[in-house]
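First comes one chain, alone, set out as structure tokens in the form predicted alone.
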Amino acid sequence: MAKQKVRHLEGALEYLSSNWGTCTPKVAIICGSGWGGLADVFAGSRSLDYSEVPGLSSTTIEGHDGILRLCEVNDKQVLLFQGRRHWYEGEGWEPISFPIHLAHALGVKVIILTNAAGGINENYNVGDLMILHDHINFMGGNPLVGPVIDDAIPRFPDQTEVYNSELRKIARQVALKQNLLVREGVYIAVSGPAFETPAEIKAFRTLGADAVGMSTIPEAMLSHSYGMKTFALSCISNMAAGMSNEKLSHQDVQNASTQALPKMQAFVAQFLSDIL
């Protein structure tokens, strides 16, 4: 095993072991805005507040509960991060990247990332689910910048296929089983916290983006660089600026995700059952 160089990682592993005993998840899920209700998919789970776990820190955005859960699907453990940190919170990349470092250290092989996104593709509707098949990074940086902090991460990671094609195929099969329209598209991430302008959205559409958000790409780059199979899913929680007469708000994003939650839960539950 590579020598650990991530701050607080050994402390986090010791803390989880002392509280949960054997902790060997093969899948980890990071819940974006509106996705925290995925916790209800699991019959039972053990939980810790982020503030208790070395290296994790309390979330600051409404809709991100900041709870780490150890769940089970088909007698296999799943690690659920109920809430995420964001680049726009101004505390650097460490709070964003630590969940991925922790998942890798615990032996996780599959990372599932979720988010709420603004629809750019004119064929999309609020409440649609979108599988990410590629991304465009407009955040102005990423957590791989700087010294390589783990020997498992290459200095120059390939990004030809960040989002695992096998997992995307399984997700499409789940959509067919459930007779559910699930989109597949390109996600573009910006730094936030301001929503985008209509001119920016028009430019992003020209670049080939189907949806826009303020997260996911940093975790995806890092998990893929570690060699973990990475899968990401957006809930289209609003149509992006200039595509309707409505002004954008975080509350509307949460409301749309709440309405779509039963569909999100059913989809992820079946997806997990099929991969575990």
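Just so it is clear, the structure is predicted and the values come from calculations on it, not from any experiment. Each residue number is its position in the shown sequence, starting from 1.
The next section is about a form of this same protein that is not shown, the form predicted in complex with a small molecule.
Although the partner is absent from the chain shown here, none of 112, 184 and 230 has a heavy atom within 4.5 Å of the small molecule in the predicted complex. With a 4.5 Å cutoff on heavy atoms, residue 83 does not count as touching the small molecule in the predicted complex; it lies far away. Using a 4.5 angstroms threshold between heavy atoms, residue 196 counts as touching the small molecule in the predicted complex. Contact check for residue 212: a non-hydrogen atom falls within 4.5 Å of the small molecule in the predicted complex. Using a 4.5 angstroms limit between non-hydrogen atoms, residue 223 is distant from the small molecule in the predicted complex. Here is the short version: of 78, 103, 174, 116, the single residue with a heavy atom within 4.5 Å of the small molecule in the predicted complex is 116. The partner is not drawn, yet in the predicted complex one stretch among 231-239, 66-74, 22-30, 41-49 has residues with heavy atoms inside 4.5 Å of the small molecule: 231-239.
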